[in-house]
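What follows is one chain in structure tokens, specifically the form predicted on its own.
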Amino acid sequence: MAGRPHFQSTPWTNGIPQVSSHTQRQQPPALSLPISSARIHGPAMRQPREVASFSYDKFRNLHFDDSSLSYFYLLQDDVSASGGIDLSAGYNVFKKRDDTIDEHLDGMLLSLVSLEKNTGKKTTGDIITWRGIVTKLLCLPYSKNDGFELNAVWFDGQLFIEEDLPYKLATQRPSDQRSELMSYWGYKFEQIATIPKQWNECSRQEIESRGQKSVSNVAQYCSVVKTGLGDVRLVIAGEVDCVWDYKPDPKDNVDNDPKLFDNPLDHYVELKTNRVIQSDRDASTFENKLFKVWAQSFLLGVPKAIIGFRTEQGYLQTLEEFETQKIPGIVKKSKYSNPYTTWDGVDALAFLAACLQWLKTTIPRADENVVWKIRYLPRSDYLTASKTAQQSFLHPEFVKWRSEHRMK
């Protein structure tokens, strides 16, 4: 059972934090959540379970299948034999997705339409959003430097949340050539570490020539997952880098026996790159980076992450595997954790539980199709909510489907 929301100096009243008498000098904004004290301790976590998946192809066309799913295939011997793989290769012909195009929740919502047409049932859940947004909220108590804005709207009894892209584009730091190159290294690592089919279905040429092809981040594979924290049920979608061995065929799970169920999430892998650790400061910096690795993997139910360690010049040197559930313990026991590493997974989940409960209870359900703005100002201690006059961002086809098929 989830505990009641607890605030060190701010009691919980009707889902809205109220300031205690001794803190009246610093009155918080209306409809706000205090980040430093909002906690629900010991929230129950629902085991993530995949309910759908979808793919974007190299032209950014949407498909309700696994066509863009990749398979991990990279041996440490292959990395060592080459003396290090150049992750900068092909940078000048990188095919980058246009991230100024606002796709809202489109891919996810259309995949739910496809799912519901097949099952004849409404996808249940209190909050529907991208995994990246929940990750942002989970990490917020330990990542306060960057502000953000979210848009939220109630429809058909569910709260939909997206990131406000215009705000993100207007406030993001200008990227220089070095940061663009380092970002590319991550995509290049994904390319050389994966193959498009299981290894026994790939030709030798497909495997050996993959590093010679141009890199693109246009194609994506996403998993749609039902999970939950405390009293809030979630439906989240997030990109999956690759599968470790195979993805179970849904036909093999038709009996729905929990003991026999082969969860596709158990086979997924997160891929990341990091600079080779050469000092205590490098180690503590890496452990802080592991916070986001753990958060995004944990939320979607991805059991492992593979980190490719590279040189300062971008040459891949070694591979290391991390089990998602063990990452918090690794950091907690590390000799580098103090004074630089600050995060605590248990505390972060306690905050997320309070945050999700606040979103669910603060934004009025009666305001269906009314967009609310969720704001966080850099280095502040409050998440705020306010009503807007914006138009709903939900895809028209999803709205039409749900409106014509009001399902319980």
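These figures come from a predicted structure and were not determined experimentally. Each residue number is its position in the shown sequence, starting from 1.
Missing here is the form predicted in complex with a small molecule; even so, the following discussion is about that form.
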Only one of Lys247, Arg310, Lys188, Arg131 gets a heavy atom within 4.5 Å of the small molecule in the model of the complex. Which one? Arg131
Looking at Arg49, Arg365, Arg60, Arg379 here, can you tell me which has any non-hydrogen atom within 4.5 angstroms of the small molecule in the model of the complex? Arg60
In the model of the complex, is there a heavy atom of the small molecule that lies within 4.5 Å of any heavy atom of Phe64, even though the partner is absent here? no
Can Leu165 be called a contact residue for the small molecule in the model of the complex at 4.5 Å between heavy atoms? yes
4.5 angstroms heavy atom contact with the small molecule in the model of the complex for Arg275: no
Contact flag, Glu201 vs the small molecule in the model of the complex, heavy atom cut 4.5 Å: no
In contact with the small molecule in the model of the complex (heavy atoms, 4.5 Å), from 311 to 319, 279 to 287, 96 to 104, 225 to 233, is stretch 96 to 104
